[in-house]
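Before any questions on binding or motion, here is one chain by itself as structure tokens, the form predicted alone.
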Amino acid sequence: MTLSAQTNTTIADIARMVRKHDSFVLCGHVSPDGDCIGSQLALMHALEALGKDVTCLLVRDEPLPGDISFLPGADRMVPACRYEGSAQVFMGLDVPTRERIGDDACAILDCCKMSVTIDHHAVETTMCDLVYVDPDSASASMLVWELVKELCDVPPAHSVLCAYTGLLTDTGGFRYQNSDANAFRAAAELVEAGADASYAAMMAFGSRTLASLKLEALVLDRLQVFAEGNAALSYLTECDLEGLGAEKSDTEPMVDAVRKLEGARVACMLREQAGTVRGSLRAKDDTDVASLARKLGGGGHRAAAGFTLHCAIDKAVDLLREEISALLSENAVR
């Protein structure tokens, strides 16, 4: 464990603060993934077991990705733009900065008398009063699980499943580089606490819509391999989704389809969305794709990052081919 320089509290201190308050809003980041939603819902169930009033926020008024919509409580999440309550404490989970929670959630944050960040993204700025960031943690849900154990003698079954799913998805089913010994210890502890590992894996990775499978066929047909075989890229347009009746959530597995190419050290998936291009980057070695994402206005982890571009899809493809080639060249020099 290596806490960030911005960390100014402990999990035990956060637990003590939580016990003193009655109402909470829990917020993750834009384009939430399994770790983001799993962290929010795991803590929600634990707080409700203590009699607290809790609302989980979505940054945007959009459907959840299909691979995590099965989590208990997912149907109760409220878009920040439609939140009408008031809360004493704002808790940002798996999200470090105001830019990643949007204007509506920022307005809610500013109305709360206390705010907390629990995260594993190391950044130089903060948005909350209490900050606990461990960049070595495989997932934010691992850190939330530590808080749940501080709060509850017997963690709720729903908290256990949600925390396990967060860890499962952020490690890519324990295939990514962040699948270290601590991640496996946390997984074992969650399974011992009652998490159904096979059910979580089936729902997170083993259930795809027909539209999603057809989109994957398009992605593979458009696959571009460059940088002497060290990089792979593909893309989807809004017309692709409309033509297949697909949802944004159907595109979530696509970057992993690109990542599977033998020999590719870096994978990139681009998707048109409302006049912008959303990009996902993955690395299979020590290449720091987060540095490229930050250069493009995004962020993330060394091996998994994302960004949004305000340009046409063909321009985005050309730009990413150039930038990824440069990144791999720099990494080879080192």
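Since we're looking at a predicted model, the values are computed, not measured. Position 1 is the first residue in the sequence shown; the rest follow in order.
The following text describes the form predicted in complex with a small molecule, which does not appear among the structures shown.
For the options Val54, Val277, Val59, Ala305, the one in contact with the small molecule in the predicted complex, meaning a heavy atom within 4.5 Å, is Ala305.
Among heavy atoms of Arg100, some come within 4.5 Å of the small molecule in the predicted complex. Looking at His158, you'd find every heavy atom of it more than 4.5 angstroms from the small molecule in the predicted complex.
The small molecule is not shown here, but in the predicted complex it comes within 4.5 Å of a heavy atom of His301. Proximity of Arg259 to the small molecule in the predicted complex falls outside the 4.5 Å heavy atom cutoff.
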